[in-house]
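Below sits a lone chain in structure tokens, taken as the form predicted on its own.
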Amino acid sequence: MSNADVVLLDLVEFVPEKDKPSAREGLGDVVRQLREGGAEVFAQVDSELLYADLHACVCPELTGIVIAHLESVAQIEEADALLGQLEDERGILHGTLEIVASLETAEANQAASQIASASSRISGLTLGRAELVMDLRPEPSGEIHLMQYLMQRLITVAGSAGVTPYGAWWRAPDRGLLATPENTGQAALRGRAIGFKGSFCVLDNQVEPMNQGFTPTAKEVDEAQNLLEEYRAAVSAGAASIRRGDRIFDAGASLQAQVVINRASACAVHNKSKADAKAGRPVPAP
């Protein structure tokens, strides 16, 4: 299996309607097998088929769900209540299972702020396959009409709600599903640059470039550490900023440098925990 941090079991996009009942059978066993490999496991469920999908996937090894085709706060509240019921029935600590809301429609994006704060279970937001659901006309540049706005708005809403924005900045000729490893890496780098914290992908050969794109490089970390040390020394000497060439770095720049360092550290800790879990070694509690 690829070195994915999270495995997303899809019950929505790639399962024909007639095959959904059979796809749900034994889903809990699949979740348990994948969890043993060291990855967290989510299930993508349909907002209109919550009861059947959640009954099929909820088990102690599941991390959470991604709700596709979401449009309203009421659907989040329904999912929250049903997850709570299933947690109680299946011996899972109440409130453990997470929700990532997929804002694929105009209605969902309009209600993004309310959806993001509708449940304490919500840990992330994503646009999902918004470009397929919404009327987003192709532009001559190869970009998709409104997508830049929707990405930036989602990142802002997620920041305000204190949850994680998931996505990448895909460009023509691909929209992510069959992107080459090189294009996937570039999409991840662009996504990280505007504020996304991670993204979904479909193919095995997309996982590594996706991981690399969202992980600060050693060079970025070194530059951030040098900047932070220089800035702190200047502050101690009574200055409010430092100048490097034609740029001025102030308190805001120091905070950005610290974010890079913290993210690199978190990635390293996460990778070690994943390797330990895969090798069967004890993993410290967070």
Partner chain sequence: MSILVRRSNLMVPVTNEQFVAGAWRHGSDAITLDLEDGVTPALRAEARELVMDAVYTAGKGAAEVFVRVNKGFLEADVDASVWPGLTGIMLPKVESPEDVIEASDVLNDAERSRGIKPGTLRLILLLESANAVMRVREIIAASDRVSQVGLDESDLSASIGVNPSPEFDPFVYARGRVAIEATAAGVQPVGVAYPLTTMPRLLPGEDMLKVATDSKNLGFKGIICPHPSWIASVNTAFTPTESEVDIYTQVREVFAQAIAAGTAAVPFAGRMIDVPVDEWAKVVLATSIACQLRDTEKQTALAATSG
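What you see is a predicted model; the values in this text were computed from it and never measured. Positions refer to the first chain, counted from 1.
Separately, the form predicted in complex with the partner chain exists; it is not shown, and the next lines address it.
- Within this chain, residue 193 lines the site of the partner chain in the model of the complex, having a heavy atom no more than 4.5 Å away.
- Contact check for residue 250: a non-hydrogen atom falls within 4.5 Å of the partner chain in the model of the complex.
- When contacts are judged by a 4.5 Å heavy atom cut-off, residue 220 counts as touching the partner chain in the model of the complex.
- In the model of the complex, no heavy atom of residue 120 sits within 4.5 Å of the partner chain.
- Only one of 155, 73, 207, 86 comes within 4.5 Å of the partner chain in the model of the complex through a heavy atom, and that residue is 155.
- In the model of the complex, no residue of the candidate spot (91, 266 and 269) has a heavy atom lying within 4.5 Å of the partner chain.
- Comment: 234-242 is the region of 54-62, 35-43, 22-30, 234-242 lying near the partner chain in the model of the complex, near meaning a non-hydrogen atom within 4.5 Å.
- Applying a 4.5 Å heavy atom cutoff to the partner chain in the model of the complex picks out 255, 256, 259, 260 from 254-270, in order along the sequence.
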